[in-house]
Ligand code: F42
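Okay, here we've got a single chain as structure tokens, the form predicted alone, with questions on binding and movement later.
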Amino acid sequence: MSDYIPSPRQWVAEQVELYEESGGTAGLTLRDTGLPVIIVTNRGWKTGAIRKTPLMRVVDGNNYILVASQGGAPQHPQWYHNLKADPNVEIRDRTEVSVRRVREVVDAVERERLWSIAVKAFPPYQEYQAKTKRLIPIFLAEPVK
């Protein structure tokens, strides 16, 4: 298995480190928002290295909704490409770790329902969509059966 490569963004790398070293008892919120995050572990599509990204904790039943917003930037985040290349991920939600398989949600009705849940959990997603021309992708991370 390839080595883990921390994010080049220092605050992201530090949050992942705190979250994981604490066993999921610290570093659980997005900066100073107080809103909960999960850590998504996946394989880099170019390097094959292990990558870890804190994402907003958005749930739909037993599934996680992963929103590739990148703050409304014009391009998708790197992890979007990683998930498209390899849909197998591990999600750390506080002290729980689970293996998941993701799929990009393309059905309009399903996407709208999941988008509504995501915006309710993290209202800035609506602003992010308004400031970019791209349709912000949504993945659903489902338990591996």
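Numbers follow the displayed sequence, beginning with 1. Since we're looking at a predicted model, the values are computed, not measured.
Only in words, not in the display: the form predicted in complex with this ligand, which the text now covers.
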| Heavy atoms within 4.5 Å of this ligand in the predicted bound form: does residue 88 have any? | no
| Partner proximity in the predicted bound form: residue 12 to this ligand, non-hydrogen atom cutoff 4.5 Å | yes
Q.
Whether residue 41 contacts this ligand in the predicted bound form should be assessed with a 4.5 Å heavy atom distance threshold; does it?
A. no
Against this ligand in the predicted bound form, would residue 114 count as a contact residue? Criterion: heavy atoms within 4.5 Å. no
Interface check vs this ligand in the predicted bound form: of 55, 102, 105, 118, the one with a heavy atom inside 4.5 Å is 55
In sequence order, the residues of 54 to 77 that place a heavy atom within 4.5 Å of this ligand in the predicted bound form are 54, 55, 56, 67, 68, 69, 70, 77
